[in-house]
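Presented below, as structure tokens, is a lone chain in the form predicted alone.
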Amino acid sequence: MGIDNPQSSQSAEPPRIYLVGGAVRDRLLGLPVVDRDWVVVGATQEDMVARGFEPLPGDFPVFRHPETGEEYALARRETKTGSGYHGFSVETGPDVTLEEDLARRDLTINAMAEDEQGNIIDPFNGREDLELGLLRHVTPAWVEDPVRMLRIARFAARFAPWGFRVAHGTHGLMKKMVASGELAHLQGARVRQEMEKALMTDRPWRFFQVLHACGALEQLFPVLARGLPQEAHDGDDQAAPWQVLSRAVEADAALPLRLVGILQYAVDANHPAEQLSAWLALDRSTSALLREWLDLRARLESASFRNADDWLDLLPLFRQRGEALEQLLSLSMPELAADFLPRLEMARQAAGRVRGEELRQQGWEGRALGEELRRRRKEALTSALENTT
């Protein structure tokens, strides 16, 4: 796709346009191309504006095509200047080459480009790594950006069905990054964003296994890392967190359920749910669901639910988010769910037959109304329990 209005060019030679990154990779893999990213070589910001492109806000010179709405970025080179994801200086200009732009990318399979004639430009042998099923870093500078650690784990999850694995040398760089303390500069919100993408794949546990194998999981989610086998394999479904995620995939569970399903293993007294939710910047609904599930799980582990009082204390938890909690129970504790959920429905129906409105019509009100409502519901539940034993 060319740049419109070439008469307005301020450069000696016309800019060159390349399709880059995931679109090239997915096309070579025979997968649907959802998003297309473009790089412009040999142009300035003034050139782009003169050709009718709309500048987009942000730290880098990116423009929206006036007709397609797709994003076009000027080729750029990066230099490490500090810690973390934002610790880079960026240079753009007509002198930045396509290879320099591709060199700053995370993986060789994402560092390919396609010109307007359909030719593949592959300076880092990404096509070969696609054929070999390898996730390999582009240059040793890979260790300078801690987000790349998350991205390679996410791609390991996405491409697990095709047998992709982390290259040996890249695994070594991951361990080096962990030892350097660079992960301390990761923002929790960015961790969550990459984790969410991985969770919606068909092999979400691979994200955590890759991070665990290099020691990153111990830093990011220390509670989750405890007790997991260091050399976990794709077919290893013995660890409880992986079993939960496997059931979630089979049930096509929504993202919040998958998040809560795995985060429940990242919580303990020293790493409470509130602290974890704040660090990951969870939305209010997911954060509340995590707390409610942890509350329900604790009750299920401590109560026998053989008497009416147990059920009366439990039923309020299911009033607003009952379906989600029932799904989490099936994902996390399937054997208990098979016995518990039918009894839950029985208890819900028994208690529901005693309505507060009917008691009000009989003259009950205030505190006395609440006490009488509980007393009658207890009687109904006791009767229902006796008929099921």
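None of the values given here were measured: they were computed from a predicted structure. One-based numbering along the sequence shown.
What comes next is about the form predicted in complex with a small molecule, which is not displayed.
Contact with the small molecule in the model of the complex, judged as any non-hydrogen atom within 4.5 angstroms, is confined among 139-147, 218-226, 263-271, 241-249 to 139-147.
With respect to the small molecule in the model of the complex, the three residues R165, D202 and P204 uniformly fall beyond 4.5 angstroms at the level of their nearest heavy atom. Contact annotation for R105: at least one heavy atom lies within 4.5 Å of the small molecule in the model of the complex. Interface membership of G22, defined by any non-hydrogen atom within 4.5 Å of the small molecule in the model of the complex, is confirmed. The closest heavy atom approach of H212 to the small molecule in the model of the complex falls outside 4.5 Å. Residue contact check for R77: none of its heavy atoms lie within 4.5 Å of the small molecule in the model of the complex. Among the residues R192, H171, R258, R158, the one placing a heavy atom within 4.5 Å of the small molecule in the model of the complex is R158. Scanning D339, D37, E345, E54 against the small molecule in the model of the complex with a 4.5 Å heavy atom cut-off leaves one residue, D37.
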